[in-house]
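The chain below stands alone and is given in structure tokens; this is the form predicted on its own.
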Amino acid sequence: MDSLRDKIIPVTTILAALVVVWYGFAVLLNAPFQRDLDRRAGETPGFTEFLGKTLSQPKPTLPAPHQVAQNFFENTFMRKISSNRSLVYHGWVTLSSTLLGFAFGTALGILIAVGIVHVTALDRSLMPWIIVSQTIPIIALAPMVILLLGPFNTPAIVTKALISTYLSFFPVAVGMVKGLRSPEIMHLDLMHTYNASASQTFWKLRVPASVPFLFTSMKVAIAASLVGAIVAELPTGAVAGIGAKLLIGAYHSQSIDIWAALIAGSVVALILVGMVGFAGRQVEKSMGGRPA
């Protein structure tokens, strides 16, 4: 109980502070436009009335938290899932490409890590290029991928998944390399003493030792995969998805819709990271690991 309280109180305090700061900046940024509206209408509202107006504009520069919360609630729970305005619908479209890209990225990262650990030439030649690959801005890479895959009539979900793969394979590869190399020399010598083959050493020692590193890196990878899927929806001309929702909101200056879509993306990320963390704990528990 004390442990739960120690976790909830700091998070709640920081969240409350962020909401207060958010309201402050909403008033500050929306005030100039509201003054201009009042001047044109010949009105001189009092402080309280003026404050209320800055926090209730239909297209504010920075929407207030209650405006975003209301929009998020309406578009999540009050609309049909099949509706183009439903955040659940847009979230599912993005989630599908996120999960596919995450699966591709995890598989690719593990394969690269195994190769780097077992082949010295790959360690010296491939790892530097993997690191360099992450310096390329994803927003610049996405149109190139779309252009290259266009002549092959590649499904949109695969195109977005490949862009997600580009972001998600790196943390898995780095984490798995560290995990596969984590066994101590004493344990490796013991396997050698037992005349264990390279395959037996890999499956019975290196793989179990790498599991905590794998799931830790997968938390980063699945969040990166979501970012890749959202970014991929911007240049593909997608009409559905969180990225498409952000783009449409920007075209029509619907700042409240934009922020609600951002919150939806954050919720999806929290759920995905939580699911990976839960899966990691279950796997470690099944392997005889002790809870932290």
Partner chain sequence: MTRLGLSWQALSALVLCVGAAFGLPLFGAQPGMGAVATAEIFALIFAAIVFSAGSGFRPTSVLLLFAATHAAVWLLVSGLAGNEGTARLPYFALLAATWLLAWRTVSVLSHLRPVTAQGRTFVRLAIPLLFGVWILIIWEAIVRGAGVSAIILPPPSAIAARIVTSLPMLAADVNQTIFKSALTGYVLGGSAGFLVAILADRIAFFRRGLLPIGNMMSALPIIGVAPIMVTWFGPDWPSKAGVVVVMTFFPMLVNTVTGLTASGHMERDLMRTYASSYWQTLFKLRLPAAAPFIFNALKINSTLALIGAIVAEFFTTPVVGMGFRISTEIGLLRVDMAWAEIAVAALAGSVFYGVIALIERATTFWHPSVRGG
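Under this definition, the rigid core comprises the largest set of C-alpha atoms superposing within 1.5 Å between the forms. All values derive from a computational prediction rather than experimental measurement. Positions refer to the first chain, counted from 1.
Not pictured, yet referred to below: the form predicted in complex with the partner chain.
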Exercise. Since exactly one of 111, 158, 188, 148 fits, which has a heavy atom within 4.5 Å of the partner chain in the model of the complex?
Worked result: 148
Seminar exercise, completed: In this chain shown alone, the residue from 31, 239, 250, 37 with a heavy atom within 4.5 Å of the partner chain in the model of the complex is 250
Seminar exercise, completed: The stretch from 121-129, 206-214, 168-176, 85-93 that lies within 4.5 Å of the partner chain in the model of the complex, judged by heavy atoms, is 121-129
For this session: Using heavy atoms and a 4.5 Å cut-off, decide whether 13, 62 and 265 all contact the partner chain in the model of the complex.
Result: yes
For this session: Would you check, heavy atoms only and a 4.5 Å threshold, whether residue 136 touches the partner chain in the model of the complex?
Result: yes
Exercise. Hey, in the model of the complex, is residue 198 touching the partner chain, heavy atoms inside 4.5 Å?
Worked result: no
Problem set entry | 4.5 Å heavy atom contact, residue 81 and the partner chain in the model of the complex | no
For this session: State yes or no: in the model of the complex, is some non-hydrogen atom of residue 115 no more than 4.5 angstroms from a non-hydrogen atom of the partner chain?
Result: no
Problem set entry | Stretch 177-211 - residues with a heavy atom within 4.5 Å of the partner chain in the model of the complex | none
Problem set entry | Core-superposed C-alpha of residue 267 shifting 2 Å or more between the shown form and the other one | no
Exercise. Quick one: once the rigid core is lined up, does residue 28 have its C-alpha move by 2 Å or more between the shown form and the other one?
Worked result: yes
For this session: Based on a C-alpha change of 3 angstroms or more, tell me if residue 139 and residue 215 lie closer or farther in the model of the complex than in the shown form.
Result: closer
For this session: Mind checking the CA-CA distance of residue 139 and residue 172 in the model of the complex? It differs by 3 Å or more from this form, so is it closer or farther?
Result: closer
